[in-house]
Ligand SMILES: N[C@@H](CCC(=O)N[C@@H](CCS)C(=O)NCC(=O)O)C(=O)O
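In structure tokens, one chain follows: the form predicted on its own.
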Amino acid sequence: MGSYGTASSQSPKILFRQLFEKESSTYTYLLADVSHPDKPAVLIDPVDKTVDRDLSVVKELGLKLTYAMNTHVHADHVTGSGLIKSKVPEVKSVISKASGAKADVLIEHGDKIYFGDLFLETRATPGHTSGCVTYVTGDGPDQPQPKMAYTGDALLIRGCGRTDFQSGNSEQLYKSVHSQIFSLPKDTYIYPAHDYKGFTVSTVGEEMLYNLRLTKDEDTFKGIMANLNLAYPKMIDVAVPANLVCGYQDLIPKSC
């Protein structure tokens, strides 16, 4: 578990924690409006194996968890949304409508998720999967500055998610990142769903300069993605079917 002051120190309203699940190298993000009386909070990309830890942090910090949000249907781990809802029934699960998954809130491009006076704006960033979204902190004087973008697997630090399953499309991913993420202010913090090299945060400006794949032209990028020759995720046969329903309390399968 880590807390990085560079982002949160710019806005005393927001509490920010970056949490890690080592087996799938997944980051879960906890955000809360601590200036609000209820201290409402959201979890982005929770993992089933670390739900108890995450809920313990929420309790210790005196927060009220309102949403368990997913950037996409994960192929390498089971989302913690269903387990969270079984333990805290008032929490609402969130995922994109385009994902085809079940959840309490199905979001589309431009939709906003509010927690207290803060909000996350949804940007559709398909390509890794057809239902990927990026959550971006809002505009306005009372919102965190610099902005923070939770990019899922669409944009990783110095890389990106693969495009060879779950309706992935390298051309679509290239366009998504360039139009929806690289169009953000250059000082926007980038927080991905995974990292395998120990990186914790980047910025839009850094990735526009140093990303090993997305700084290339589109044809070169498509060639890189077509020749990755990666093994399928070990969990894909369990994770994908489970994640299509794990965010919906009445349909939690045994695998959750």
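Treat the numbers as computed from the prediction; the structure is a model and nothing was measured. A residue's number is simply how far along the shown sequence it sits, counting from 1.
We do not show the form predicted together with this ligand, though everything after this point is about it.
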| query | finding |
| --- | --- |
| Pose source in the model of the complex; superposed partner this ligand; site open or blocked by backbone or C-beta within 2.4 Å | open |
| Stretch in contact in the model of the complex with this ligand, which is absent here, among 227-235, 184-192, 202-210, 55-63 (heavy atoms within 4.5 Å) | 227-235 |
| Contact flag, Asp76 vs this ligand in the model of the complex, heavy atom cut 4.5 Å | yes |
| is_contact(Gly131, this ligand) in the model of the complex, heavy atom dist at most 4.5 Å | no |
| Interface membership of Val177, this ligand in the model of the complex, 4.5 Å heavy atom rule | no |
| 4.5 Å heavy atom contact, Cys160 and this ligand in the model of the complex | yes |
| Joint contact, Asp153, Leu156 and Tyr196 to this ligand in the model of the complex, by non-hydrogen atom at 4.5 Å | yes |
| Members of 92-112 lying within 4.5 angstroms of this ligand, judged by heavy atom, in the model of the complex | none |
